[in-house]
Structure formats: structure tokens, C-alpha cells
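We've got the same protein chain twice here, in two forms, each standing alone as C-alpha cells: structure 1 and structure 2.
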Structure 1
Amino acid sequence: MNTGITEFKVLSPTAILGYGFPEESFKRGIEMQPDLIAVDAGSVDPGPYYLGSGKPFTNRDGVKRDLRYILKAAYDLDIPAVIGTAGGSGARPHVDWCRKIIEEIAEEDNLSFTMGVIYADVDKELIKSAIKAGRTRPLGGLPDLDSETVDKATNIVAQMGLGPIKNALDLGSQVVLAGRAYDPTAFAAKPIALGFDPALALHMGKILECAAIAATPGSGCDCVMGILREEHFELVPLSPVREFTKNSTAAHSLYEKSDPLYLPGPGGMLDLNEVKFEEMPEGRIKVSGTRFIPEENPTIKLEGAEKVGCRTISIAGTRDPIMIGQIDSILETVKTNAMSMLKSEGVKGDIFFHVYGKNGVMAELETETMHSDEVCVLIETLAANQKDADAICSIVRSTLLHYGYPGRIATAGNMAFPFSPSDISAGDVYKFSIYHLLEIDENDIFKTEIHEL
């Protein structure tokens, strides 16, 4: 260690900024005098809508409450606070949304600090020239990236690695607000800059970004302290009801990952083959043996979403055994009849039936045959605009309500609707269209703005 610092403490308040945390746990963390407070604020888990639309998936009041604790504590202790993947998806509108909240808190609580804001949006022309140069490749079975897909995406972000956050800290930022970032980097950039082992720092960040989820009982809304040392790191639960065990920590290596032993990220991957977990008093755990395998040609991951149309839904149920017994053929006929009526009107779109009680949860992965006395039919229609989606839903709903299926004896109406109005305009629909690696030096993409508050 070249800096003479032998220990670095990182406080992780919550798994996602806005999910909250108990005040007592946070206070316990602050009493331990952390060197950094870091928090991950995003995920692709809630689906493509948030990246595509630029809207946050966390509640503004919740985010403001969490941030007020974090900013005030960081200010009082004179330590940095780093926020990764601001606003849920980390595109410019998300970052600016979070930035506004920070500015409000600074003003309301009379805090003054230097803030580094790192945008993660990627220029479309840059991606297109990378496509031409053969420097992109697909993940997750997607096709190769093409210019049309790039043009159609509403927001395209890249997952930043350690460099941009380190750079923002070097520029004197006391608060770093980062757009889309590889989750561990918010936790790891500072200690790595001080000379700590990148493998251990990133592995610690990988666990801390989920706060107390790796403890038992697990929680995404409770605080954890990570203590990084030369040869290992330690995880400290900050609530007396939780502990880290070998099992809980090892099991967390599986969570949401395609491989528990190799965790890829910008610049290389963590190798967990030789990792040792050692249980310590007070529910702590000591972790050592993590290795880092650097990538020969560094890549960053691009994420993009495009709008596919608008959705309308209607929820209905049936309790009629004669109808339930032939639900598939009834729905198929209703769909055909509705589509032919719409065709003459020139309305185009898609119809999906989610049949709960049959296969509403698993669709084509369902292996059981239905055995319900009642089923819920969720009608979903998609069209290029809301007006058409509404029109299709309306026709499908009325056709289904009155369709005279074979053997029908309940002739007054086929469905029970719980609500009036029965149809709900559900707004814009997006899909993940870009999930590709881009070969590039990350310093060429992520730009930092410095603001004095």
C-alpha cells in the first residue's frame, strides 16, 4: 500500500437509493466513521420502460429522504458520497432528476459542496462508427447492432467503470452523481485510487451494492459497512437482527448472475474460484482470495430501449366451467373476430391474453394443465398510438363479453369486470433493443461536469 492507509470503510445505506433504511442502522454506520458513503440507485430489473421513457422507477420523496441522510452525514464527516446509476436507469433525464433533488437538499439544509456529475449517454454517431469498424458485439442472444436500431433508441447509456468516478473524485468532487455505472464502481473507485487491491474492492462493492441482501435475514433496505484491508475485506451488519454467514454470503454470489464464479464488468472480470469466507464475531464475515482477470481489449456495455407503441388493458374474470373448459379456443376466436372487425376500420395492433389460473405467470414455460374453478383474463392490446390501442381493447372486451361460444348456457354475459370503466390506457411501451458490448476506452465516453453548490 503506497498511501500508508491500511483500512478503508465504505457505508452502503440501501440496495437502491429511495428504498429507505432504518435510521438506527445508518447512525451505527456513521459512528464507525466511514471513509465513503456509496449507493447504487438503479437496475435494469424493472424493465425497459424506465430507460426508454427517461422516467425514474423510484419515488421522489423516498429518494430525497435517503439522500438527505447521506449528504448531511458525508458533509459532517467530510467524506465523499458517490451515487451510481442515478434515477434508476442512469440516462441524462434520470441524472438531472436526481441532481435537482440534491440541489434542493443543499439549499434547504445549507450544505455547500463540490459535485461531479457524470453523464453516461452515448453519442449515436459514435456507436454507428463503432458498428462500421466492427467494435460492437451482442449479448444475450440479440442480433448484431445496426444503425437503424441505434437511431430508434430513445436513450442509450453505457455502464461506466472505475475511471470516470475516480476522475470526478480527483477533480475535487465531494459528491459524485454518476449516470449508468457498473454497480460496484461507486463503492470501489475511491479505495482503488488509494492503492487498495482492485479485485477485493470490486468484490466488496459487488456485495455492498445490494446493501444487506447478502446477510441473513436479507434486506434490500438496511445498511451494511464494508471494511477493506490489504488482504481481505470484512462485511459488518449494522442491524443487530442480521448476520453475514458463509452460506448467506456465498449464496449471494448466485443472485441475478449467470455465473457465480466469474463476474464480468468493464475492464475485466472477477474470478471467485479461490474465495474464502470466514465467519467472525458479531455477524461479520471476512472475505479473501478474489482475483481480477483484466480484459485485453476493454469493452463497455451499452443499454438502449426503443418505443414499440402504446398499451391498453382490461381485467376480467370468469367462473363458468363450460367457458373455462374451452378458454383457449374461445380467446382465439375472439381475437380473430375482433381483428377482422378492426381490419375494415384500418386499425392495426396486437392482442395478448394473460389467462391467470391457467398460464398467466409462465405462458409457454407452463407445464401444468389448468385446474381452476375461475380464471382471470387480462386483455392487453398494443398499437402504434393510444387511440388505436384503446379501440382494439374496446372491441376485444365487448366481443369477449358477448361471444356465443359452443354449449353456452349463461347467455347474459361471459365475463365479470371488477371495474367501471373496464379499460385502462396504460401508456407508452418500450423494449430493450440494445444490450451490446462496445470496444472503447471509457475515458472517451463519460464526461464530468463540476458544479459548486
Structure 2
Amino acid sequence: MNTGITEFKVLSPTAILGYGFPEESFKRGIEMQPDLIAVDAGSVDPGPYYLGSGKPFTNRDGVKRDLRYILKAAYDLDIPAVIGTAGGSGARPHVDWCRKIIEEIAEEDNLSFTMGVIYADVDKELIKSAIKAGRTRPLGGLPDLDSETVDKATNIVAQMGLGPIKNALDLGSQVVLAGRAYDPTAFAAKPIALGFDPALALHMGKILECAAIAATPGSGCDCVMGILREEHFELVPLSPVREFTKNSTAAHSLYEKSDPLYLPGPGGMLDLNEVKFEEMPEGRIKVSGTRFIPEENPTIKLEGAEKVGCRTISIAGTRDPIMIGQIDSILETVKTNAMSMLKSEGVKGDIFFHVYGKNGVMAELETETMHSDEVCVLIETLAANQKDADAICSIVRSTLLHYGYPGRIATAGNMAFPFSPSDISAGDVYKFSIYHLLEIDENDIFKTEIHEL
């Protein structure tokens, strides 16, 4: 320690900004006099649509409700509030969306504070230069990055580490609104700047970013207090119905990791080989032994999405055991017949069937034999434009409805449709096209804008 501070308290209100939390839990946390309120506001979990389209995946009213509690408490206690991956995916449209909500709350509740806004968008020409210099490499089995993929992406963000948030706080920001950020950094940047162990701070942040999910019973919609000390950290449940156990906390330390012992991130990785979990009174848990291994060549993860077409879906179910017994061959024939009918009109696209009750969740990875009395068939069509996606879905749905499969007894429709209209135009479809590491110092990408509210 180089500041004389021996304890630092971080209040995590909710797993994702907008998910909500009980007012009673939040008040218990405030009564403990936290030094920081931090919240993660995004994730890649909901898929590429939100990054590609620039739209949030959380409801505006829910986000505003959560932010009002957070901002007023931070203002009253005169402590910082840090928001990571604003708006869901952390691109400029998401950050601006969240920024406007903050400005509304400040005006409505007469709050005055300095806000640091950190955009995470990356210039495409910078990425292309890095490709030519051999400073990019793929993650998750993707191919090497090329200029064409960069140009097709609608939004590209870089996942910031500790530096940009520490810089925004150093500039006097009481509220930090960050674009795409490594999840633990919103919780860890301030205490690390004060001299606390980066390993413990990042490990605590890794758990706090999901709020009470690591407790038992777990919840992403409840508050947790993290107390960081020199040799360990404690997690404190703020609801009387929850407690932290060795199993629940250790399990969450394995969350979103390809290796149980190491967790890479911007600037280095956490080494969990020597971690100890000790259960404490009142449902608390004490965690120690985490180590941090610095990265020799700094890298930043890039995330980008590109539009691949438009989607239409239709949902139907059947209880006919004769149809269920041959559902795979029926769907394959329906697919062939439908595309044959559309060929003359030049309509092209893809057809996917998701059969719930058989393998709708696991698809080809499913190993269990089906024992369902009923199945739900989700028809999904994908085409270059919405008109063609709608046309394909319509033909597939009607062909399946009246297809005469072997052994069929009834001559009426084969499927039961829960909705009318049965076909739903689902709009634009995106894919993650960029999921690559970029060798670069994060100070060369992320810049802080200071705003006085």
C-alpha cells in the first residue's frame, strides 16, 4: 500500500445496468458507506445484433431507474460511480444513449458532477495498418483479420482495460461512463490506483460484475458489497435470503473461462492456482491467494459485427406421434420442396429448423433419445432482404402445414400455431465478424471527454 488506505468497499447493485435490484438491498449497501459504486452495463452474451445495429438490449426505463439510484447515492456520498460497457455493447451509439439518460437524471434531480466519457470505437484505418504490420491475431477459431472484414463491420469496439478508467478518475470525474470495457475494470480501476493488489482487485471485480449471481441462491438482480483489503477480499450479501459459500463463489470464479486456473484480460492474466475460499459469518466469504501475471506485449480485444441479411420466423407445434417419429426426414423434404418452388422466382436464402422437445437447445450435439409427446418447430429463414426472408418462411410454413408424410391419418393441418399472424419478420441479422486481439497500447486508442453537468 502506498496511500495508507487499508480497506476499500465497492457496491455492485446489479449484474447488468437495467436488470434492476431491490431497494432494500441497495439501502443496506449505502449504509455500509461504500467508496465506489460500479456497474457493468453490457455483454456479448445477447449476440451480435446489438453491436451491429447500435441498439441497446436493456430497457430504457429500467436503465434510468437503476441509474437514478446509483447517481443520487454517489452524489450524496461524494464517491465515484463507474459504468462499464455502456448501453449493452459499448459502441458510440450505446454510450450516447446512456449519456442522455444520465443528463436527464442530473437535470430532473438537480445533480451537479463531472462526468468522464470514454468511447471505445476504433478507427478502421488504424486496424488496417495493424493488419499490414502483423499486429492482429484471431480468437475463437476465426480466420485472420483482413481489410474487407474491417470495412464490412458496422461497429468495431476495443475492450478497454484499467488505464482509461483510471485516467478518467484522475481527471476528476465523479461519474465515469465507459464504452466497451473488460468487465472487472469498472470495479478494480479505482482501488488499484490507490495501491491495492491488482490480482485481488480484478478477481473481486470479476465476481462483482455479476452482482449476486455468485451467491446462493444466485441472482443477477440483487446487490453485493465487495470489501478489498491488503491480503484478501470479502464478499457481503445485502439480502437476508442470500449467502456466499465456497462452492458458489468458486463456481463463479470459473464462469466464462476456457481454463479453470487462468483468466486472461487486458494487461495480463489472473492466476487462480493458489486461491482460497473461506466461509465467514453472516453469509460472507473471504477470498485470498490470487496472483496477477503481467502481459509482455500489451493487447486489446477487438469486437466487430457485420450485417448478413434479414430473418423471418414462425413457431408451430405438433402432438402427432407419427409425425414426431419421422420429424427429421419430414423437415428435410419440406426444405427441399420449398426451395424448389421459389427457385423460379429467383428467391434465395437459408432455412433452419429448431426442434424443441428433440434437440432445439443442443442441435447436433444432443445425445439423448427423444421421448417427447409433443415438439415445437421453430422455422427460421434468412435472406439478403426482408421480402425474400418473408417469402421463404411463408412457403416453408404452408408446405409443412399440409405435407403428406407416410402414415398420416388426418388430412387437416399438421401443426398448431400459437400466434396469428403466424410469420414474424424479425429484421436485420448480424454476425460477429471481428473477435481478434490487437497489439497496441490502450493509451493510443481510448480518449476521455470531460463534461460538467
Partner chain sequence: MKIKLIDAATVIRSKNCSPFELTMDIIINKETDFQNIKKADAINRKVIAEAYNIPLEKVKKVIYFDAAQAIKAVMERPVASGSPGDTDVYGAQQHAPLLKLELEV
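Just so we're on the same page, residue numbers count up from 1 along structure 1's sequence. For clarity, every value in this text was computed on a predicted model and none was experimentally measured. Each form is matched to the other, and the largest set of C-alpha atoms that superpose within 1.5 Å is called the rigid core.
Note that the form predicted together with the partner chain is the one shown as structure 1, not structure 2.
Comparing the forms between structure 1 and structure 2, the C-alpha position of L142 differs by less than 2 angstroms, with the core used for superposition. Remark: with the core as the superposition reference, the CA shift of N110 between structure 1 and structure 2 stays below 2 Å. Core-superposed comparison between structure 1 and structure 2: the Cα of M370 travels 2 Å or more.
Core-superposed comparison between structure 1 and structure 2: R408 shows a Cα shift of 2.8 Å.
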